[in-house]
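Shown below, as C-alpha cells, is a lone chain in the form predicted on its own; questions about how it binds or moves come after it.
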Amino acid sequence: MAKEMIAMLLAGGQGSRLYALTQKLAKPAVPFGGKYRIIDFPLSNCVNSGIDTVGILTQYQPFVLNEYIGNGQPWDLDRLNGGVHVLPPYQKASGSDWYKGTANAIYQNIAFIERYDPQYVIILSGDQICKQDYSDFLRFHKEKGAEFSVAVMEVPWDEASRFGLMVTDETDRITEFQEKPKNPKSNLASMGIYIFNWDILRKYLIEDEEDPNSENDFGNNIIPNLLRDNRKMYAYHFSGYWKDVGTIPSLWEANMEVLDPEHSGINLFDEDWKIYSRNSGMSGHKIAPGAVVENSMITDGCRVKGTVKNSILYAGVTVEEGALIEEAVVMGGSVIKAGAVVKHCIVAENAVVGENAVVGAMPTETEKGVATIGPGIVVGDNAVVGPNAMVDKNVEGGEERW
C-alpha cells in the first residue's frame, strides 16, 4: 500500500561531544527530561503528525536504542502496514559497508523506501529536542510546488557562522547555501530536517553514490547539487522549540528548560502534543517525611529522603537523608548517598555518589562548567568532583577529580 510520506530517521550518531554519556550509548538513546530519551521526540512528532511509517537508521552502539524501540508500541508504531523499522548497515551480495554519510545511509535503504512507494520522504535527525508538526511542513512543501524543502530557524547573527545557512528570496525560495561561513549572508539556520519528492531524492542519491569524490552528505553534496541544477527549493520557517543537545552544557540547559515550560517554549505537559516513551514499569515515586522538593521533576520509582531543588530525577533514583541535589540532572537508577552534595551537573544512569561526596558547584563569574559523571561510575565517600570534570572512571573515597 502506497504511503503519501514516510520518515527516515538518522539515529546512528556517536555524539562524541557528550563524552562519557555516549561511550556505550548512541546519542539518540541518551535519556532526557526525566522519563524520555532523545529519540522519543522525532518519533512522537511523526505519530502526532500522522506519519505511520518510520525507518530508523542505526549504526553506533545500537543495542540500547534497538531494545528501547522494540516493536514501536509506545509510539503506536506497531503496524502491519508500515510502523517502525530499525535499519542498520547490512551484508549485501557485493559486500558490506558502514553508512559513510547521511546521504549514503538513505541510499543504502532505497529498497526499503520503495516498498511503500511514497510521494514524499521526510529526513529527520535523531539527536535534537524539537516539537514540530510535520504535516504543516508538508502542506508548505505542496503549496510551494517544491521538490526539496528544509526547516529553518532564525538564529542571532553573531552565531550564524556556526550553522548551515539558507539564503532565500522574498518567496522563501532558496538561492544559496552556506555551510558555516565566516561571512554569513543569512541567519536562517538549517535544522537538518528535509522533505523531498521521492523521485528527486532517489535520482540525486544514485548520482551522489556514483561520484567517487563525494562525501555522501546532504549538507556538503546533495543540497549543493540541487542548487546547481536550479531545483525548486524552499525554506520552511519554524518558530517552535528546537535544540541540538550535542554538548554537555546544551543537554544540561535543555533539561533545566523542561522545568520552566511557560518561558522556555518546551512543554512536556501539553496534552495536545504528547511526547510518548517506553514505560519504566516502576512503581510511583515516594517523597519521605522531612524531604524537601522544590521546582523539580521526580519520575517513577524515585525514593527521596533528602533535598532536591530545580532538578530532574529520572526513574528509580534514590536520594538518601541529608543529601542535597540542586540544578542537577540525575539519570535513572543512580544513588545519591547521605550527606552528598550534587550541584549544576549531570549524573548518568546507575551511578553512585558516596556519603558526603561533592559533585559539581554552582556557577560563578569565572567558572560555569557542568560536571559529568558517566554511567555506572562510583564516586567514593568524601570525594570531590570539580565543576568541569568529565568522570569516566571510578573516584576513590577522599580523592579529588578536576
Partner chain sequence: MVVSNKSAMGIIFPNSFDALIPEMANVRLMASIPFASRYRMIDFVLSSMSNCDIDNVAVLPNRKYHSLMDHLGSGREWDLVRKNGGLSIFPPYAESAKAMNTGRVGQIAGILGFLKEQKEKYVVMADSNIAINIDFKAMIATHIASGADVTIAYNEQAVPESFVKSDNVNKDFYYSLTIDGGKVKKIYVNPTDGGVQNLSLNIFVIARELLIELVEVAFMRGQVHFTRDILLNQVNHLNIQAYKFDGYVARIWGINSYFEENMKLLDDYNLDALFAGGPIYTKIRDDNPTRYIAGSKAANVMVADGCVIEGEVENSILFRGVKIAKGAKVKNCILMQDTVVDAGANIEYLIADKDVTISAGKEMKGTDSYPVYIAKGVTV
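All values reported here derive from a predicted model rather than from experimental measurement. Numbering follows the first chain given and starts at 1.
There is another form of this protein, the form predicted together with its partner chain, and it is not shown here; the text below is about that form.
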Worksheet item: Any idea which of 173-181, 138-146, 271-279, 208-216 reaches within 4.5 Å of its partner chain in the predicted bound form, heavy atoms considered?
Response: 271-279
Worksheet item: Does at least one non-hydrogen atom of Asp199 fall within 4.5 angstroms of its partner chain in the predicted bound form?
Response: no
Worksheet item: Is there any non-hydrogen atom of Lys343 lying within 4.5 Å of its partner chain in the predicted bound form?
Response: no
Discussion item. Can you tell me if Pro156 lies within 4.5 angstroms of its partner chain in the predicted bound form, counting non-hydrogen atoms only?
Written reply: no
Item to complete: Please check if Arg37 has a heavy atom lying within 4.5 Å of any heavy atom of its partner chain in the predicted bound form.
Response: no
Worksheet item: Which of these residues, Val121, Val245, Leu226, Val293, gets a heavy atom within 4.5 Å of its partner chain in the predicted bound form?
Response: Val293
Worksheet entry | Residue (of Ser264, Gln73, Ser161, Ser250) lying close to its partner chain in the predicted bound form, criterion heavy atoms within 4.5 Å | Gln73
Worksheet item: So in the predicted bound form, are Ile377, Ala389 and Lys393 all sitting within 4.5 Å of its partner chain, heavy atoms only?
Response: no
Worksheet item: Using a 4.5 Å cut-off on heavy atoms, what residues in 180-217 are near its partner chain in the predicted bound form?
Response: none
